[in-house]
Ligand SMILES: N[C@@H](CCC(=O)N[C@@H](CS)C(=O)NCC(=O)O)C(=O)O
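Read the single chain below, which is given as structure tokens and is the form predicted on its own.
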């Protein structure tokens, strides 16, 4: 079920019943309500035998997790609505502060991510030739980068991989509104 973050739907009673943190995602599956993106992805990888979200080899799993964490734990938290709202409250020019904040943290994070992709295991996707948990983390972050007009010129491989993944039907079906909207 889609949740409109910009309208505050994630803080409404119906969504809070699904996820008391008032965050997304919340996935009802196998008779359970699951929260937290990476935990959900790992659950799917562990319970769906045909899943390619995590490689079978320990070193490959480590690399995919490290790539995923670089986005989900280092870039994404600085872009959460609550964090950004606080930054805006501290400024006499809140919209400019928000835009600068987003560009700084997303830009620096994706520049570092580009260097992480300089690895022999990188293929058509972040790790190999099948989308993995890392690609699931990357595509929305590129959406955010474009939404905030982040300079991505230092991240050509990252963009190529994200665009390749985003063109796949499951990614396209999950795409939010146009990345040009900044409200």
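Numbering follows the first chain given and starts at 1. Fair warning: this is a prediction, and the values are worked out from it, not measured in the lab.
Same protein, other form: the form predicted in complex with this ligand, not shown, and the subject of what follows.
Looking at residue 23, you'd find a heavy atom of it within 4.5 angstroms of this ligand in the predicted complex. Using a 4.5 angstroms limit between non-hydrogen atoms, residue 18 is distant from this ligand in the predicted complex.
Although the partner is absent here, residue 11 sits close enough that one of its heavy atoms falls within 4.5 Å of this ligand in the predicted complex. Within this chain, residue 98 is remote from the site of this ligand in the predicted complex, having no heavy atom within 4.5 Å. Across the options 46 to 54, 150 to 158, 128 to 136, 24 to 32, residues that bring heavy atoms within 4.5 Å of this ligand in the predicted complex belong to 24 to 32. Judged against this ligand in the predicted complex with a 4.5 angstroms heavy atom cut-off, the residues 60, 115 and 122 are out of contact without exception.
For the stretch 67 to 90, the set of residues having any non-hydrogen atom within 4.5 angstroms of this ligand in the predicted complex comprises 76, 80, 81, 82, in sequence order.
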